[in-house]
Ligand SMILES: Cc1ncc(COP(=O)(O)O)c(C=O)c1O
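Shown below, as structure tokens, is a lone chain in the form predicted on its own; questions about how it binds or moves come after it.
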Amino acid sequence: MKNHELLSTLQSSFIGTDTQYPTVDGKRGSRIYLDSAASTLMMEPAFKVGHEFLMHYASTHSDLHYSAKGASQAFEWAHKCVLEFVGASEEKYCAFFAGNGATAGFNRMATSLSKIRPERDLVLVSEMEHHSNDLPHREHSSQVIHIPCMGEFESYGGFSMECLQESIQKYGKKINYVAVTGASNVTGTITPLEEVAKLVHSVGAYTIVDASQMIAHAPVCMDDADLDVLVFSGHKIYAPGSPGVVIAKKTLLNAISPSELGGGMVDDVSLAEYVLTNNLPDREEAGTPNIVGAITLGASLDLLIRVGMDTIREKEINLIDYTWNNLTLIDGVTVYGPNPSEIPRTGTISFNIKGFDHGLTAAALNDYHNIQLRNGCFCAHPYVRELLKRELWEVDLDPDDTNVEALVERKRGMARASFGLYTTIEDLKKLIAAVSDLAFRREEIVGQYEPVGANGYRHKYYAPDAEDIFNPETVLAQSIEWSQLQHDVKMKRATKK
């Protein structure tokens, strides 16, 4: 099967794209899922691999019975899929799974790297970072300095090599490592990783890259870029429920002590001492791993390797350009970050509609148009504040109003549409039409809602039926009933025999 044919097949093989919900007008239809930057949908072929593995399930690190041997081999295969996907040679790099997302990986690396070079007590972090690639470094390093981006106000964003160069020249060998995002989770702007690594290595510092937002959208080659550490979340690349992933140079991992201890990462333990294993990735994967999640992720990555990330990137660029060009034409709509014709971006586009708080925009798009997207500051508060600085200055708030904090919170944020492999041009045409509709009917729509909490909104006259929202208790009750019927059938068959 050719790349484009496989891509077309995969685009139509995601669980949940045809899930239906009602809208205010009484109609019902399939949702348009544009919240992939938060979490992608599950790739069905990958899910089936994980489900099939459950028929053979056992824990890893044994080959003395069939199931354990199969589990160990499949878990090893998942590691190899990761390395191949990010272009990291097995001789140079090691991949290991950690926690439930990228956050665990960043905390692990920040904890360990802060101990090995105490004379290098400074970390540089870009201002575009998600909190997971910012706060762990603040916690474990003596000093963190944030690198500004290019541009200003609504166009702020795009990694500034000039600012990095200035910091490198100023602090030199005091720098332990530099933490940057591969692509912003707010604006999708892509960082020139190879250039960054070359400059950072000139003073002997390490590079830590948050690839969570670029991993499903653009090709990355750690060998070519000579990256030291790359971290991403499996749930950002079509494998919800899978673990976080860390890929690091073996020389670096061999120089640090593991920050988590437990079973599987030691060679021997006595009451007096314990001996860590030298085997990688075992030493970094204490405890029983998320085997099913890792195998599901491996299957997703394997499929994407077959398609080719260059092919996927080419397809997405057209969607980005279409959305950007059309959103910016709508009167009263502000789109944030640099123009994609000037700085490469992934399919993540944040915007606001004049007269709408970000929470109201998200609620109305859901209620009236069945379009699901994210709103808020996206765990990137410093970056979002810079993008909104001009608008927040213009907000006229009464300082004596006791609700002023809640009012600011409702203004301090954006709506964010983010694409996945399943996103089509038809989805984005509907988004453009829906945003135009809200902007045109501003007074009418605003009058239909009331604020709830810090930044939520609720329609005054419409609420979906309870059965339209997933309820685990309902599903469990149905499952129990089905299991009982299956049991009864088996018992009748046994009785007849």
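Quick caveat: nothing in here was measured; it's all calculated off a predicted structure. Counting begins at 1, following the sequence as shown.
Missing here is the form predicted together with the ligand; even so, the following discussion is about that form.
- Contact with the ligand in the predicted complex, defined as any heavy atom within 4.5 Å, is confined among 80-88, 284-292, 126-134, 144-152 to 126-134.
- Not displayed here, the ligand is approached by residue 181 to within 4.5 Å at the level of heavy atoms in the predicted complex.
- Not displayed here, the ligand is kept clear of residue 388 by more than 4.5 Å at the level of heavy atoms in the predicted complex.
- Contact check for residue 103: a heavy atom falls within 4.5 Å of the ligand in the predicted complex.
- For the chain shown alone, residue 46 is not a contact residue for the ligand in the predicted complex, no non-hydrogen atom being within 4.5 angstroms.
- Proximity to the ligand in the predicted complex, defined as a heavy atom within 4.5 Å, singles out one entry of 296, 350, 346, 233, which is 233.
- Contact annotation for 204-221: residues with any non-hydrogen atom within 4.5 angstroms of the ligand in the predicted complex are 210, 212, 213, listed in sequence order.
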